[in-house]
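First structure 1, then structure 2: two forms of the same chain, each alone, as structure tokens.
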Structure 1
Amino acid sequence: MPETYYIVPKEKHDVLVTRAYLSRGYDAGETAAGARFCSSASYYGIRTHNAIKALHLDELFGSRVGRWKPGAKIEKLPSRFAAAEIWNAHFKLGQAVAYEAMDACMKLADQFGVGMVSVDNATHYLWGGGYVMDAALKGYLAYTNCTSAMSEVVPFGGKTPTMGTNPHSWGFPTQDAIGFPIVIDWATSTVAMGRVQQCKREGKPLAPGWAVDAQGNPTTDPDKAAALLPFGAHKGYGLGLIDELYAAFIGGGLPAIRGTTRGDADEKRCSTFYFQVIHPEALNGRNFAKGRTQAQNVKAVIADILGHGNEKCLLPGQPEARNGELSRKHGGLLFTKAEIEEFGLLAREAGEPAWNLAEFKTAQV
């Protein structure tokens, strides 16, 4: 069944998001990064991390509760390592920090082949896939991980959530080969807590492997679900642990109290970010079969994986690319009626004229 979407011109969206961030005290650079990010998320159909979510997080964890610091300056620590930067973000808006860090990584990769930026005292960067996609579209292999704002996941075999849903995001510059960058981007829990809560509201059982009860026993009862499980048993547990270990080496505090007010006053409760970029030429062995260039080889390998009867398989990043194509075709960002109404509330907060459903063209998608 096609659904009705309202087409919001990017400029109109960006003006509202910019004003909303400005009204909360963020500076010009932060608001620009905030608007750029939300616009990009909606363009590629990442409805879980659009402007509504971004500004809601800022209410729950951010400037509204004094944890995120509008106008904070990034402190770049002296480093004896030429290809590695270490930043103290001082709780600056995550999207602004993430774009700047990825830009720095690309410059380092241009020079050294690989570059990395580690960020302490970080906030939340929302959709890691957006940053690696951006770098991939500029021609680089990119990676990021971070610790989630809260710990909702139990270690494999455990009963108390002491790990975040800790995502990983990888981007590959495959647009010349297949028309879009491959973007591999997901949390290390099987599902997000929001999915469990949705089942609870709708009275539906959870799927096996999603959650445990307060004693650590697997449960499909949404009323008993107390914490999330890592995906893929010990393998997803290992992947979630990687983010906690990077954080531990960078400067993150005890995971069980992250994002809370629990624990000693002098503990840290921030997230950390890690970014890395590789220049594709720094991987190039210059010995491709049949005289292929590197780009031709990438194209041939992907075609082979999706050949031989696998033609219906999707590549990671393909749904985002399709959504981007829809946005391009319709000349704007696509939102549901409920989302347009939420934007109305944001407009009121920012002292802007409310959005009116009737002013937008619609599309059946």
Structure 2
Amino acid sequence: MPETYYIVPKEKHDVLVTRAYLSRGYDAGETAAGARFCSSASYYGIRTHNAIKALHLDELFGSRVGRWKPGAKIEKLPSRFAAAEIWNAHFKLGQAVAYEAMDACMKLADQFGVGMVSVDNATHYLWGGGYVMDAALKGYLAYTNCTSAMSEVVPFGGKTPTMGTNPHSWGFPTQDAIGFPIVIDWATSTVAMGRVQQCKREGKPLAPGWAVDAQGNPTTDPDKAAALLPFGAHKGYGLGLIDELYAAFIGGGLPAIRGTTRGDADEKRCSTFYFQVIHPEALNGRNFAKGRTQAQNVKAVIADILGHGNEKCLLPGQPEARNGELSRKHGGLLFTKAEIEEFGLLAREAGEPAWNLAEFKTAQV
């Protein structure tokens, strides 16, 4: 059934998000990155990681509780590897760090074919797909993973959450072949906690197999969801473990106490980030069938995957591309009634007039 969405001009959205971040002490560069990210997530229909989620995370783990540090400066540590940088983010706003890190990776890839940036003492950067999509749109293959702000996922076969939702995000520059970049992006839990919060906001139940309650029993009630399950049983568990191991090598602390005040005071409680960008030329084996170029070969491979009766299959990144088309078509960012009401709370905090539903055009989607 079609749902009613309210069309908010991007400029109006960005002003409110900027004011909200400024009211919490973030500097101009951080607020610009925060608004850019939130606008991008909404533009591409990522409802679980829009401004509501971003600023809620800041309330739980950030400037409101003194863990994230508005105005912090990134420290770039010595590295003996020319294509690899190691950063100490000093708890700077995650979105600002992530955009800067991906830009650094692209510059390294231009010079060395590949570039990577590892970030310790990080905060949460939210939707990893947005960063790899930006790189893919500029012609690069990109990857990122991060550990979540806290541990919310029960390992396969266990009952206690000791891992984060730990996303993996890949972006491929396929827009010349199919019109949009392929973006493969997921939390390694069955769903992101943002989806649970969205269901709670919209008054919808969770799907079976998403979450467990405080006693470790399966639940479909978003109010009772205490922890999430890994997707694909042992497979999702293994992918989530990858992020924890990357973090362990970078400098991350014990995942069970991340984002809390539990445990030894000397233990770390930060997130960690990892970014990697590859220049397509660095992968070019120059031996494509039938004399195809690299670009032609990519197009042929995708066409073959979607052939043979598979023509109706979706490609990862296609839903985001379609949502982007809707945002372009309607000339703004699309939000539900419940989301508009949540923005009203942010407006009150930032000293801005609350959004009035009557002032926005609507669309049935």
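These figures come from a predicted structure and were not determined experimentally. Just so we're on the same page, residue numbers count up from 1 along structure 1's sequence. Note that the rigid core is defined as the largest set of C-alphas that superpose within 1.5 Å between two forms.
In this comparison the chain labelled structure 2 is the form predicted alone, and the other chain is not.
Shown in the overlay between the two structures, fitted on the rigid core, is a CA shift at residue 127 smaller than 2 Å. Once you line up the core between the two structures, the Cα of residue 190 ends up 2 Å or more from where it was.
Residue 161 is among the residues whose C-alpha shifts by 2 Å or more between the two structures once the rigid core is aligned. Taking the rigid core as reference, the CA displacement of residue 220 between the two structures comes to 8.4 Å.
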